[in-house]
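Shown next are two forms of a single protein chain, provided one at a time as structure tokens under the names structure 1 and structure 2.
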Structure 1
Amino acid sequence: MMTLPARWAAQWARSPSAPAMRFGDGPWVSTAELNQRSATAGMALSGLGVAAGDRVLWSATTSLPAVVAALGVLRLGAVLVPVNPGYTRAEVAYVATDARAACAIVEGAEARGWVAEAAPATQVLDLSLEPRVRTGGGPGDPSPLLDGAALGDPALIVYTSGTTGRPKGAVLTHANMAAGVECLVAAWGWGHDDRLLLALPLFHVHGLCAGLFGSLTAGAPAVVHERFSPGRVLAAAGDVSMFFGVPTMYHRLAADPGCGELRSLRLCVSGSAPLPIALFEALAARTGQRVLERYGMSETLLTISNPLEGERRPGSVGLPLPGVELELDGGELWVRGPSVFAGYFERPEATAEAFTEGWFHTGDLAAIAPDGYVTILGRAKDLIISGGFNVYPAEVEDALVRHPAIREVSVAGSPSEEWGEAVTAWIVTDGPAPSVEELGVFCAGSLAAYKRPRLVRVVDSLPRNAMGKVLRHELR
């Protein structure tokens, strides 16, 4: 196994004229140009005092300069710390100080000021890699060794969503990153003849590791868009072979009159949040696409996937990827494998709590069928205990979203003196909202009485994170 930067550099040198990526409708960037520009970026960072092993905060919208900067960080052997460019001052300041970044590459002038204020020792750059706030760092080696990181060295620190407590930085080594990405390339038959339409944000491992790094590793060109648009995706469908998205994207694509354009794609993949069975079936009927659902986390990268060849089972995330082991402990899914992270940055107690003899506790409740297919039932902390019975929100949501008046739904528990927790549905409707009694009758054939909602709350929209995952804790 090689580190991904070393593998990319070798591939680029062998095929310098091959197309690497295109941004929107712009010109193709060749592998030779990407090689030269990312090497220049790595050397520029070194000249500014950034060394291998230093942590570099990276916050930008999707663009060629942003990608070049990120690749330069990795080629230098520094540690990339992706940060959502939509973060607030407090969120940016927290990551900058917690990671103790030596350098920050930040697109927005306002956010650069936030970093400089919160972390005075951090050298702050814009995407040109020219200092904009020079308070730290110093001259470095102008001719550094590129692509020389060892497999055991840290490559990424990805801050978790922080739905329980403050976010923690998950440290992924070069070996973790290579194992996770190369496994996908093999499992999904990803070759240099493919073209991926990538409209996912790159500050998240779905877009960054699976999408961008996967394309580079497969030697497959990528058509990259700064943001998702159903019209752009459908217009480009005839020129690409693969699309990765989240359920929210697929919901919008299924509602578009031109959704049949997806029929020409070789592979559509969904992740980062559960794909409702009703949406899977609607896409299959309208586009011919049986969307491949998979499962992963920031701490593990992708570990479970429906097969490329064989049954793509609706409602299931599929089978463990090669090298991945699964275990259920009290219904909680534990995973072990080469892509599982090294631990949380400077949090030995949190790391120790997250592992048992090499098994990582995902915090997700799951069921494993006799033939090995895995179904995610929800987060352990989201489990509803009503009248002494366990209720899994995902099961209730799958039943309710089939109601013709319900466009979106999220289910959680509300405190109840009688039941302990009352099953509560927050719904976004098309037209008049159904009553509790109506919903009870509607799902009587699919849900036991104790699983049916006892409370219904009508909302204009559901709170979601940047990847479309519903934030249940904000509903309660």
Structure 2
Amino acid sequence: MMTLPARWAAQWARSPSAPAMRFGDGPWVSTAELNQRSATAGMALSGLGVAAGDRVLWSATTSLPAVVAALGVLRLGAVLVPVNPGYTRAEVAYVATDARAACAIVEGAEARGWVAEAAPATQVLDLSLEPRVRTGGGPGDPSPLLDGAALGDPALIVYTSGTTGRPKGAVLTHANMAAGVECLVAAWGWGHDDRLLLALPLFHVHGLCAGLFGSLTAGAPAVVHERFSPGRVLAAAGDVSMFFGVPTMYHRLAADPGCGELRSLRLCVSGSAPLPIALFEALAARTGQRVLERYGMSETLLTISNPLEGERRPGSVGLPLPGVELELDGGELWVRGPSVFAGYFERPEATAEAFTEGWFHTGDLAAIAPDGYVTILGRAKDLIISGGFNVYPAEVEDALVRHPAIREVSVAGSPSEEWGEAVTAWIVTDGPAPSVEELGVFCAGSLAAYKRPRLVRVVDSLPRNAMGKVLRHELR
């Protein structure tokens, strides 16, 4: 097994004129150009004092310079820490300080200022990798060894709240990343002739590892869209062979009169949230596609998938991918395998709590049929999944309870056809109740847009158990 950057560099050198990716309708970027530009990025970072093993926060919308910067980080052996570019000051500052980032590559000028203020030792760069806010760092090696990371070295730190608490950085090693990506390439028969239409955000493992790194590893071109739009996806469908999406994207595609355009694709994959059986069936009827549903997590990458050949069972996430072992503990799914992360960054206690003898506790409730097919039944953890983004009720409650008219609040997901779950706040008020719009404005400074409540319900009191803990399931 090789690290992914070493494998990509070897493949790029072998076939330098192959198309690697294009952005929208832009020109194709060849593997030679990607090779050269990502090497230049790695060397530029090194020249600024970033060393192998350093953590590099990376926050940008999807673009070629953003991809080049991320590949440069990995080729240098530094550790990529992706952050949603829609995050507020507090959210970005938390990750920058928790990760103790040596460097931050940040697209937005305002967000660069937030990082510089919160983490003065962090070298803050824009996407051209020019220092924009002179702070930490210093001259480094201008001719570093690229693609020299070892398999056991950390490659990626993905912030997630796991099953409980404040966001923690899940550390994925190069070995985890290679195992998690290579098994998808094999399982889904991903060859040079494929072309992936990639409209997922690149700051989560779905878009980054499965989508972008999968394409690079398969040696297959990707057509990358900066953001998802059903019309643009359907217009591009004739030019690609695969599409990966979250259920909200499939919901919007199924509602589009042009959704039959998906018929020509070889493979459509769904994940990150449950794909409702009715939506699976609507897509099958309208497009002929039996969408392949798979399951994963930031901490484990993708571990369970319906088969490429054989039965794609609606409502089930399929069978464990090669090398993955599954177990149920009191209904909770535990997983073990080569793509399961090394632990939470500098949090030995949280790591110890998340594992039992190498088995990672997913916090998801599942059933395994006698023929091995897995169905995700629900969650043991307090987590809302809205449009494929995770929202932690406690974080939303902390923001809302600061509102002067809110005496008590509890947040949970309500069923939503479009979003899967819609963030909903049950509030007990003092005086007139604030509207959903007013609460949106109120928490705009502390919560990214997708975390803000879409529904507000005013109640006289919150249901609690004998210990005083709010019974969220009774609210739902």
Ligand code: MLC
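Note that the rigid core is defined as the largest set of C-alphas that superpose within 1.5 Å between two forms. Residue numbering: sequential along structure 1, first residue numbered 1. All values reported here derive from a predicted model rather than from experimental measurement.
Structure 1, not structure 2, is the form predicted on its own. The rigid-part assignment between the two structures places Lys469 and Glu418 together.
After fitting the larger rigid piece on its C-alpha atoms, the remaining smaller piece is found rotated by 145 degrees between the two structures.
Core-aligned Cα shift between the two structures at Lys381: this is 3.3 Å.
Relative to the superposed core, Pro393 moves its CA by 16.0 Å between the two structures.
Once the rigid core is matched between the two structures, the CA atom of Ala412 is found 6.5 Å away.
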